[in-house]
Structure formats: C-alpha cells, structure tokens
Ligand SMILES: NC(=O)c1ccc[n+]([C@@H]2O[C@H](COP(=O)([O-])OP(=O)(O)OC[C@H]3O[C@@H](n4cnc5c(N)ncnc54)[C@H](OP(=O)(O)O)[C@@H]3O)[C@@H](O)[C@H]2O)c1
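In the block that follows, a single chain appears as structure tokens, in the form predicted on its own.
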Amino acid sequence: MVGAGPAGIYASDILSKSGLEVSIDLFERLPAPFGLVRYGVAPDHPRIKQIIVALHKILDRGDIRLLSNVDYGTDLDLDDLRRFYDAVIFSTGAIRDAELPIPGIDLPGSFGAADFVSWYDGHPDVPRTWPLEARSIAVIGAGNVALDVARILAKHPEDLLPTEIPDNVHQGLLASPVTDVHVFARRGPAQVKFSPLELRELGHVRDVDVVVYPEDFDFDEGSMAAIHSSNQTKQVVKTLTDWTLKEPEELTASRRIHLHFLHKPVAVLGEDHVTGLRTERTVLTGDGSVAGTGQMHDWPVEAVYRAVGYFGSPLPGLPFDEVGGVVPNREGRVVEADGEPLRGVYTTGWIKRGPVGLIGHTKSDATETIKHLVSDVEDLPRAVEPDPDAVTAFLTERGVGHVEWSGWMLLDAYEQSLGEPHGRERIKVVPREDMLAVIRGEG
C-alpha cells in the first residue's frame, strides 16, 4: 500500500479482514502517517481531526506495518515493489491545486489554497513563512476548503492557540493586517458545496461578521429541486438566507467574511502584483447552471486564493489521466492506455476517483477496490522475495531511513508533551529533519 492517509489505512484494514492470509506494508512519503487528516484539515476542526483516533487504532493493532519516510518514485519504484509484493495499491491522494486558467492567475499575491492549507497545517515540505500582507483578500471557490481558507485568514490568531497550530503559523497570522475576505462562487446559494456544519461555524467566529448580499440570491427550477431533494442544501440555503436578514447596525466586528454568489472570476488584476479581481455577473439558466451576463465588477483586493479543487499527481510507472488528475482504473483496478488491466496494481481514494466526497467516503471506495483484489488473488503475479525482512533490508541498503510505527509513537508523544504545558492536545513539529531527530531519539 502506497500512501498512509485515510484511504490507505482503510484499505489496509479492510484487506486485513478479508479472510486472506496477508502481510500488509503501508508506505508513506512523510515521517508521519494520516495524510489529509493531519495535513489537510484546518486546525480549528478538532472534530474532524478525531478521525485520527480511529486510524491510530487500526495501525496500533500491529498487523499492518507502517514504513514511513519512504518516497515512492525516489526511494523505490513499481518494479521494486513487485519484487516484494503480490499486489500494490496506490492511495496517494490529491495534493496539488487544480488550475484556474484566467488572466493574471500567476501574479505574485495569487495563491493556491492547497499550498496555503499545507502551510497552516505544518506540512514539512512547504516553506515556514507565508506572505500575509493584504488587508482585503479574495477566495475563489464554493466548497469547504474555500470556507476553511477564508476562516483561517479572518480569524484572530489567539483564537487558534487552543488548537495544534504550529508556532510559526501563529506568528505569521499575527502579522496579517487583514480586515476583509471575499469568497466568490459562480453559481447560486443552492449550488454551493459547503457542508451545513462548516457554514454555520463561520457565523460563530469571534469578532468576524459574515456578510451576504440579497442581490446575489436567486433560485431557479433547478435550485428549488435541489432544496427539496437534499436536506443538506436546504440547511445551507436557510443559513445563508438568515444572514441576509441582518441589519447593517448588527455588523460591528473588526473583520468581515463576504460571501458573493453568481460572480464568475474572469481575471486577476495587476501588473507586478495582485491589485484586484474582476468577476462577471452570472444568471441561473433553469437547471442550476449559469450563463454570463457580460456585466463586470472589479474588486480591489491585494491577494487571491483559488480553492477550486485538488488535483492528483502522476506516479512513476503508472498511467495517468492528465484531465481528471487520477490514475486510470476500473473500480480500483489500474488500467493501461489500451484499457488492459495492469495486473496486481490497484488504486483507492482520491487518486482513484478524484478529490470528491468526505473522508468517510473513502471506506466504501476502499471496499470496492479490495473486493476486486480478493477476487483476483489466484491470478496475481507472485512476489519474488515475499519475506517481510527483504524490503526493509532493501531500504537499508539504499540508505533510506524508514520509520516504523514505534517511531511515529515517539513523535506523537513528543508533540503531545509540547502541547501539555499550554493546555493543548499537541504542538506539531514541522521541519522534516526535526521530526526525524525526535523519532531517532535526538530531539
């Protein structure tokens, strides 16, 4: 299994209970496991972070071996894995920002949300600093990541201190002069992908007002059908509608998050740095989709964050769909360009189906993949060196300092000890070399 996020751990767990006699190794590029839950969920969402508790229990059983700090494509490749395993499952997720091909998107001051999330979550592969110099900021997107980015940008940094936020992130946010964050969605209130809970939480951020605009509200037949058929959509629309009823004198906070609907971003403005965002007013066309009106509006913002989705990365030795950002597959069986299955190679999670659905959806996704692996087991090409010690010897010979579960436990305990004096569950160790020093007992 390549990738120790929720998808890889769930798939490993399901395979371990399949009735097959299996030996499962779970490879992870970073020194720490848990993927998206550790490095993709905002620190002020402890409820979602609690998924780690369930994932921890799975790996703590001892029947699934964690081999982290091993980078597929650098430290080993598919041919290497085939030497040691009958089947290989890729669960590497999607960590890149999807593209937004509009003029000016590459200007300084224009950022991808995935990179910002990695920064505030203490991902070891991103710089320790972030340019937080804008008073007015635009966030492009209509999903939970857009809300996360807007909330973290607008929230007073001291209110993040009870979380596991890294010290360098707290210090960076303290220096931010932000007063207004504008979130832009090209469709209407009934089409956004916010979860009801995430949206309601936005309204409870201290000293931050949520501002919505009645002129941005429109509902066509497709919108009404969505409201009547989905309780989630109904709750989202109700929350947004309630906010339109606020009187101006009720908006007294020092910071504001503005939610704009029916505004399609068409250009990031500026010459050598972002100075604004141009949007086109859209109208609903009856089925929940929109059309442009030609009416433009320029918003004087000094930074732009695009939260228009995540995108998968190619994996050496595997086919890759450059349009969908996934490894081509049929229900988890990886297929070549000619449609023939790549025997013994499977995929699950976002690299299989794209970055859609909540973390919990990876369970059913993994179940589908493992079902096919189990049905294929008699026809799988057999490993040449199936002894579990063979792969670790191979890594040692290559000078790869792999980390097993006991090493993660040392880092886990150390992070918790950093947080304890401050009444926090943990304080993350961010630099990779510091993580490894703790794991080796040098911290």
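Source: prediction; values computed, not measured. Counting begins at 1, following the sequence as shown.
Just so you know, the form predicted in complex with the ligand exists too; it's not on screen, but the next bit is about it.
Taken together, I89, G325 and Y346 are entirely out of contact with the ligand in the predicted bound form: none brings a heavy atom within 4.5 Å. Looking at P265, you'd find a heavy atom of it within 4.5 angstroms of the ligand in the predicted bound form. Put simply, G109 is far from the ligand in the predicted bound form: not one heavy atom of it is within 4.5 Å. Using a 4.5 angstroms limit between non-hydrogen atoms, Y310 touches the ligand in the predicted bound form. Interface residue remark: G141 is counted as part of the site for the ligand in the predicted bound form, having a heavy atom within 4.5 Å. Just one listed stretch, out of 223-231, 160-168, 142-150, 326-334, contacts the ligand in the predicted bound form at the 4.5 Å heavy atom level, and that stretch is 142-150. None of V283, M296, V211, V356 but one reaches within 4.5 angstroms of the ligand in the predicted bound form through a heavy atom, and that residue is V356. Only one of the listed residues (R278, R186, K155, H258) places a non-hydrogen atom within 4.5 angstroms of the ligand in the predicted bound form, and that residue is R186.
Residues are counted as partner-facing when one of their heavy atoms sits within 4.5 Å of the ligand in the predicted bound form; in 386-411 not one qualifies.
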